[in-house]
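This document opens with one chain alone, in structure tokens, the form predicted on its own.
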Amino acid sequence: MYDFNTLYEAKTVKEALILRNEHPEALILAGGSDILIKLHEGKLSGCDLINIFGLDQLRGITMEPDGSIIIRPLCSFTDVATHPLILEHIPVLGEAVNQIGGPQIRNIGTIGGNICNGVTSADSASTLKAYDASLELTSVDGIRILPYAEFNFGPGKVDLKQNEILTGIRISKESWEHTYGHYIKYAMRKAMDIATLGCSVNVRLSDDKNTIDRFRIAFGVAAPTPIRSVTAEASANGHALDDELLHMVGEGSLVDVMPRSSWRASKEFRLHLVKELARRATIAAIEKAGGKING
């Protein structure tokens, strides 16, 4: 049984924005894979809902004239993982979301919901942060563009104003062109489990494939929010492909993370995972880019 107060059905994006403005306390219902579970458990009893699931304007993945890839928030994880533009230009994002839950969850859960929930374990989050994604946040007053790096305030808390709806996720051509990534999810089980730790790396190599031209690394469940390691990135950029690079990436990552102990893993074990997954994901991303660690 679902104990909610009022369900508002938006027929257009404009109508959804008006409803959002008129009922700022109402929750946005997209795929429902999280909200419906919480409703069933009684955690959101008496809430109001604005259903946007039927808005096809908020579905689809396209490339803009400037080469930016736009992912609309109602794309399911399956949509993202199988879309030709993602497979060609950002396959690591498809690989990351393909590790969320099981097929049923991936068919109904949306990438927008995954972001707006604000949880540090969101499998799409670290890859999107590592690709410098920006968010299109829309209200009746207009569109606000926000770097995804600035979106998370704390566990479950995001910079989404009460009258706003996420309407797009943008990855610029500069971020994906000639760039190769790898995502590793460490979990207690291989399927249907939340990450104990996640690590996403992408690299762009020099023309001779001997040095790092650009390096990005981000983690999930290594801090209260999904987090980039700017220390590891700074130490890797311009570095030769050798064992010292891997050492600096691992040590640099430890500077920026703030894992905690939970029933899934201790803080100490998560710190070990940060260093090891950073190393492994870096090696894999470099190999995908046509390089090789010389050690």
Partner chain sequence: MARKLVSCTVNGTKRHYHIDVRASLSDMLRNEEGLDSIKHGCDVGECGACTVLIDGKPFNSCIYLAIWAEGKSILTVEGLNDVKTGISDIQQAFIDAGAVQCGFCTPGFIMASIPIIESDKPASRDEIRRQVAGNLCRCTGYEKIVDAIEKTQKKRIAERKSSS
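Residue numbers count along the first chain shown, from 1. Remember, it's a predicted structure, so these values are computed and weren't measured experimentally.
The next section is about a form of this same protein that is not shown, the form predicted in complex with the partner chain.
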**Asked** When the partner chain is placed as it is in the model of the complex, which of 240-248, 27-35, 62-70, 224-232 ends up with heavy atoms within 4.5 Å of it?
**Response** 27-35
**Request:** Select from the listed residues Leu205, Leu146, Leu160, Ile108 the one whose heavy atoms reach within 4.5 Å of the partner chain in the model of the complex.
**Result:** Ile108
**Request:** Identify which of Asn98, Thr211, Ser134, Ser139 has a heavy atom within 4.5 Å of the partner chain in the model of the complex; exactly one of them does.
**Result:** Asn98
**Prompt:** Does the partner chain come within 4.5 Å of any heavy atom of Pro103 in the model of the complex?
**Reply:** yes
**Message:** I'd like to check something about Asn294: if you look in the model of the complex, is any of its heavy atoms closer than or equal to 4.5 Å to a heavy atom of the partner chain?
**Reply:** no
**Item:** Exercise: Glu9 in contact with the partner chain in the model of the complex, heavy atom 4.5 Å
**Value:** yes
**Request:** May I ask you to state whether Leu87 is within 4.5 Å of the partner chain in the model of the complex, using heavy atom distances?
**Result:** no
**Message:** in the model of the complex, does every one of Asn114, Phe151 and Ala284 come within 4.5 Å of the partner chain, counting any heavy atom?
**Reply:** no
